[in-house]
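Shown here is one chain on its own, the form predicted alone, set out as structure tokens.
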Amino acid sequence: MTVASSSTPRSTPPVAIAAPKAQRRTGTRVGDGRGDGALAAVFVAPAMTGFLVFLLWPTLRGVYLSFTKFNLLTPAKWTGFDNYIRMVNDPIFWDSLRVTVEYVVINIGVQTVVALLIAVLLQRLTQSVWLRSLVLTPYLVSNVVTGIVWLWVLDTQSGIGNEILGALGLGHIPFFNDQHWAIPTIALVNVWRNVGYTALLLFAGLQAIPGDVYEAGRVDGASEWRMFWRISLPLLRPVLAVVLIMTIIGSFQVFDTVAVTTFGGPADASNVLQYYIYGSAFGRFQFGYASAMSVALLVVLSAITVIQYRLTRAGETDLG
């Protein structure tokens, strides 16, 4: 009996082993949780620093300068609302705003329709990655390079575009040198560059629509055209609203293409607001007045964004 009892192994209750492990795991999670905040702060710090230095501070500085007379050579002198009063009475400012609105209407109207068409074709006909890359290619070209290339292509004397028009018997058209053609030409050049990116955003929105919805439409005998108007477009509304907000804000800030093609001409026909602000600041060293116009543009874009967001119900979706 003594030998048997001594050779019999004593079992350890599983609770005695499991409990310390559970406690150690709990303790580890608590310890990691305390360090998560510091680790997150390390990763967020570069982005936050860039936001404060390159966005928030220049914005606040610009708002302050809008109430001053400042030319870089002398200290800023507080003038109150003088710059804003001058802006309201400045006919060139209002003409620049009109030209900018004309550009935005043409650019957004054509770009949205063409991008939506491309997105639907990508979804319904092919989803080739190579084709999507090809559509996006113009967006990879900078605005300056795009403007210079199209300036050569549409040159009145020797541009290949006008050569083709001449061969077709349509005559040469001064696209960038005519008051009536300048803004539409600049708008269409930027449509060519940005339409692929806009189309891919809309294509991503179309991909999020469940296929069962289209299957139900086919069962009910709906045509492709009817499914587009009754299914695709309503369900694409939130994405389309956000895309419109982004493109409108970007269009109001057009500058590069004008700066390398028309220089605001002819006869201020393409003198968009951003180009007028640039000329006031770096051409005439009226930084206070330029800042006032920049603040006015910020207010206009903020109001447009809020109104458009609410009217289009961009934060809601019809997918249940």
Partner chain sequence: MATTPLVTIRPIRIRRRPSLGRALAWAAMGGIVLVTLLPFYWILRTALSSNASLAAHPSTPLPTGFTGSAFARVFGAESTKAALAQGGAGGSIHFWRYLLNSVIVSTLITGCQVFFSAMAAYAFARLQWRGRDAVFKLFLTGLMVPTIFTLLPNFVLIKELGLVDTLLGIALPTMFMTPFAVFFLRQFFMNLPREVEEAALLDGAGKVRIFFRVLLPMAAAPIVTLSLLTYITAWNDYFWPLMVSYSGSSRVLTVALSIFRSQTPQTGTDWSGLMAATLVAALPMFVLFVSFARRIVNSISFSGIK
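The term rigid core refers to the most C-alpha atoms you can superpose between the two forms while keeping them within 1.5 Å. Positions refer to the first chain, counted from 1. Values in this document were obtained by computation on a predicted structure and should not be read as measured data.
What follows is about the form predicted together with its partner chain, which we do not show.
*Asks:* Does Pro138 reach its partner chain in the predicted complex, with heavy atoms at most 4.5 Å apart?
*Replies:* Output for Pro138 is yes: heavy atoms within 4.5 Å of its partner chain.
*Asks:* Can you tell me if Val129 lies within 4.5 angstroms of its partner chain in the predicted complex, counting non-hydrogen atoms only?
*Replies:* Taking the distances in the predicted complex, the answer for Val129 is yes, it comes within 4.5 Å of its partner chain.
*Asks:* Answer with yes or no whether Trp181 is in contact with its partner chain in the predicted complex, where contact means some heavy atom within 4.5 Å.
*Replies:* Because no heavy atom of Trp181 falls inside 4.5 Å of its partner chain in the predicted complex, the answer is no.
*Asks:* Find out whether any non-hydrogen atom of Ser133 is located within 4.5 angstroms of its partner chain in the predicted complex, and reply yes or no.
*Replies:* It does: once its partner chain is placed as it appears in the predicted complex, Ser133 has a heavy atom within 4.5 Å of it.
*Asks:* Using heavy atoms only and a 4.5 Å cut-off, decide whether all three of Leu170, Leu244 and Arg310 touch its partner chain in the predicted complex.
*Replies:* So, no: the whole triplet misses its partner chain.
*Asks:* Since exactly one of Val213, Leu233, Leu125, Ile85 fits, which has a heavy atom within 4.5 Å of its partner chain in the predicted complex?
*Replies:* The option sitting close enough to the partner is Leu125.
*Asks:* Using heavy atoms only and a 4.5 Å cut-off, determine which of Val101, Val239, Val110, Ile248 is in contact with its partner chain in the predicted complex.
*Replies:* Of the listed residues, the single hit is Val239.
*Asks:* Heavy atom within 4.5 Å of its partner chain in the predicted complex: which residues of 184 to 205 meet that condition, in order?
*Replies:* The stretch 184 to 205, when checked against its partner chain in the predicted complex, contributes Trp192, Arg193, Tyr197, Leu200, Leu201, Ala204 at the 4.5 Å heavy-atom cut-off.
*Asks:* Superposing on the rigid core, does the Cα of Phe263 end up 2 Å or more away between this form and the one not shown?
*Replies:* No, its C-alpha moves less than 2 Å.
*Asks:* Fitting the rigid core first, would the Cα of Phe282 be found 2 Å or more away between this form and the one not shown?
*Replies:* It does not, since the Phe282 C-alpha is displaced less than 2 Å between this form and the one not shown after the core fit.
*Asks:* Please determine whether the C-alpha atom of Gln253 is displaced by 2 Å or more between this form and the one not shown following superposition on the rigid core.
*Replies:* Superposed on the core, Gln253 moves its C-alpha less than 2 Å between this form and the one not shown.
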